[in-house]
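In structure tokens, the next block holds one chain alone, the form predicted on its own.
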């Protein structure tokens, strides 16, 4: 199904509830998903854009304990914080849900029962790491040690982030508890439910082989998990924890599973579906099944997921195994856009050491659009990318201030001084205007193609090139000189440029929505129609249409600010 479908279901990887995320998390899923959602809405598509907080498991329990709050209260408070930050960054979710919702509890239990009925759930007595110092079984991610595959010394009990190999805690060398640091660990028996993913291996392999248009990053990770070593393994879907979705069948208790909860990586992706039910419950929409069930109309929906590369195995294998294994008509993902990592100034972002810029801090020092533009125009698509303050300063100052902001300022101020703050009449277009129209038409088609293909950096580069074309046009025709000898021709040049401002605002809105809305307000127009034909769009604001001369759209970032922020975010955050 083409990305030019009329209905788009879009989800971004749901963030853990335990704390505020850094800019690398933002650009790895939510921000590019928002870009795509905004673009598709601008092109007239019906969009359902969903995200939520991932609230279950030990991360939530430990974070709550540090604050002295009950875990449910902590999660409710942090959901408010994350929702507010998302709003601050202009993330246009149709609904921002919670994996602890009643809808997700019911749906998770439903899927588990259906998988059991299809013969894909097995009860197994397993050996699990128990920490004497902590007095508890340790979830996979709370056991760390050295990876037996690549030697990385901070591999987690479920996966090595360095080589992405799937692990069990007992595979780790020199294992330790991440809660207490204790190495006084022992293996004890416990009974759990396992999803028999191995029975789905051929089905998943055939399905992935059909996705020739997926990014190489996505398919290569999926294939590695399917075929390396012993291939796709059966996976435990329950844990010995207090906080989570209780292990029950949809129709009642699950004998032998009392006191256990479903593993967070089983219930978290199901929240994508449950979130649509929450959207309806909140009064924001109706008939969620037309988005998620192919027997209810979802056949014409194109479903796109956005995520960092560490989430790819669960979204290409485990979640599809859950959906396919249920043997029910649920909508499967059509396209997975995965991203590499954004590093920070020669190293990694670190939540524990406060290294790098976190989302709340970013909004404290600069408006969201500064961050949106730089992150998207430099997002880690084909390889890891790096945030540096010098690079950020250069990107903002050159692109937003010197190219886009400068064009808008020069045109509006000149028109106001030589004519009036209205679209001037007189004159006609000539060869230079025709050349500009042809260039803009060509670049617009390229911009649209890149956006449809979710090629984020190429889209940003094409948009900037359209901004630059306007500046080059101004330099060539020099209306300030033309005005001295031919005011009517200068009026025609400025009339085109003023209309070009509106076009820039519309095309830029997916990237910098707040600034785009401000530009349209200054141009006194609510017309945000996509400029499918540049020539026609250049006459959208008629002669005599009034506008306001805007203030500075993007202030330049100074060297003093860069020095201050470099020191502030070097790793001093508690």
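Numbering follows the first chain given and starts at 1. In this text, the rigid core denotes the largest set of C-alpha atoms whose superposition between the two forms falls within 1.5 Å. Bear in mind the structure is a predicted one, so any value in this text is a computation, not a measurement.
This protein has a second form, the form predicted in complex with the RNA, left out of what is shown; the following refers to that one.
When the RNA is considered in the predicted complex, only one residue from 294, 351, 126, 220 comes within 4.5 Å through any heavy atom, namely 220. For the options 341, 335, 330, 319, the one in contact with the RNA in the predicted complex, meaning a heavy atom within 4.5 Å, is 341.
Mapping the unseen interface onto this chain, residue 216 counts among the residues with a heavy atom inside 4.5 Å of the RNA in the predicted complex. The RNA is not drawn, but in the predicted complex it has a heavy atom within 4.5 Å of residue 225. In the predicted complex, residue 483 stays away from the RNA, with no heavy atom inside 4.5 Å. For the chain shown alone, residue 286 is not a contact residue for the RNA in the predicted complex, no non-hydrogen atom being within 4.5 angstroms. Stretch 376 to 384 is the contacting one of 376 to 384, 113 to 121, 203 to 211, 77 to 85, since its residues have non-hydrogen atoms within 4.5 Å of the RNA in the predicted complex. Residues 413, 464 and 554 are all found to lie within 4.5 Å of the RNA in the predicted complex, as judged by heavy atom distances.
With contact defined as any non-hydrogen atom lying within 4.5 angstroms of the RNA in the predicted complex, 309 is the only contacting residue in 293 to 316. Here residue 455 does not count as shifted, since its C-alpha moves by less than 2 Å between the shown form and the other one after the core is aligned. Fitting the two forms on the rigid core leaves the C-alpha of residue 140 displaced by at least 2 angstroms between the shown form and the other one.
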